[in-house]
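Two forms, one protein chain; structure tokens for each follow separately as structure 1 and structure 2.
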Structure 1
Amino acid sequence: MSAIKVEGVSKVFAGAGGQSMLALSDVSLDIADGEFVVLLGPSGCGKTTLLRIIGQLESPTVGRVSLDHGNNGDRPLGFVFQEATLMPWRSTAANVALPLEMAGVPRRERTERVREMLELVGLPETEGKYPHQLSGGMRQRVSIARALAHDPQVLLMDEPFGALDAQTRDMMNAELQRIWLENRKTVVFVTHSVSEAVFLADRIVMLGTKPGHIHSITEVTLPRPRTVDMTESAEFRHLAAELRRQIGAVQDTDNRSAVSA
């Protein structure tokens, strides 16, 4: 069953001097309920634009996106961005509780749900701490807890670990996989990192550029749970090399097009 159906989506942005820019062209994609899909590709290929259209933060110029809300009604989407965007004057617990407050959830239920979410992301001891007292990785885990607090069907993540150092990023990828395996939300995840994509994804959607379009879709058959040691395996390395080759081919095509123009 599809949780997300993208049908013939194109997006045009108005540019300077009345010029328009075609950011996405005729993108169609089905994402299954509980699937972890990664959007990968070079800068400017429209990954974030497509994510924002799926998340209803942008409207497509042509085409449409359908979300299947299952049997639980119209549940909101969950978002995690590159910056944690936590409110500095609110404690960890109060930040996680924010979407529940906005939804009018009673205090006792909010408190219980916040504790569940902090347990899920491995940070129960940070309940009373403030963002400035947490590391970058911890702040992103709080952001994930907040995004999951209202039990969304779909979690949309735009390079959430891009600003972290390599070691912390590896740890966060492992943590995100653990969290996903426990709740099996549908995840759409944007990254520039090939290794991150291979580690996390069920399927990798490679976008080409000028304009953004689906270049290829690659199924990742590595067993789960995946470990950091697995990144040294022949299968992992082979798949990563093939994806890097595809990115290079996309960039070469762009360069030739620019020269011809």
Structure 2
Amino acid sequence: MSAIKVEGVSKVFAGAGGQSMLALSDVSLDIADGEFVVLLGPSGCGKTTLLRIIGQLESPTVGRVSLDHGNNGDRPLGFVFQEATLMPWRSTAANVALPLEMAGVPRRERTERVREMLELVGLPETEGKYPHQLSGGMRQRVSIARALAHDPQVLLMDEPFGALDAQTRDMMNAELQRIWLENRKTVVFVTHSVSEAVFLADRIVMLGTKPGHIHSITEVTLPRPRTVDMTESAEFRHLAAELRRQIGAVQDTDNRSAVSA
């Protein structure tokens, strides 16, 4: 059963001075329930745009997107934005509690859950702090805790670990995999990082630029749970090298078309 169905989606942005630009062209994608899909591609290829369309923050110019939340009916998604997007007037704990408040979870249960989530992202002592008192990486982790708080079935993540250092990033990747293995959410995860993509994905969707389109889809069959040690394995490195080559090719054609234009 597919949880997310993207059918023939194109997106045109109306630019300044009546100049419009084609950000996505004829993208079709079926994502199965409980699948971990990674969108990979060079900057500006339309990863965020596609994710926003899937999350129904943007409507496609052509085509359609259907989201099947299964038996959860109208349950909200978990969305991790490229920027943390915390509410400056809420403390860390209150920010994480936001989706729970809106779902009408009683206060007691809320504090419990918030504590759990903050522990999960490694920030247990920051409960009372305001966002401006946190570092960029800490803010992003709070926003991840918020996205997970109401246990959404569909999780959309836009470069969630972009602001973290390599070690924390590895740790968060492992955590994310653990959470996902535990209750098999459907995840769409955007990243620039090839090794992050290989580490996490069931399937890697490579996007090309000008206009954004699906360049290739790669199944990752490495066994789970994957460990940091596995990133040194031949299979892992082979796959990563292949993907890097593809990104290089995508960017090359991009440069060439830019020159010829």
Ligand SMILES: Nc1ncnc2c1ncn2[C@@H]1O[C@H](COP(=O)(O)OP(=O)(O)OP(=O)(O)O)[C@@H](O)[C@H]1O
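None of these values were measured; they are calculated from a predicted model. Note that the rigid core is defined as the largest set of C-alphas that superpose within 1.5 Å between two forms. Residue numbering: structure 1 sequence, from 1.
Note: the form predicted alone is the first of the two, structure 1. Core-aligned CA deviation for residue 177 between structures 1 and 2: less than 2 Å. The Cα position of residue 136 differs by 2 Å or more between structures 1 and 2 after fitting on the rigid core. In the core-superposed comparison between structures 1 and 2, residue 163 has its Cα shifted by less than 2 Å. Overlaying the rigid core between structures 1 and 2 leaves the Cα of residue 81 displaced by 2.4 angstrom.
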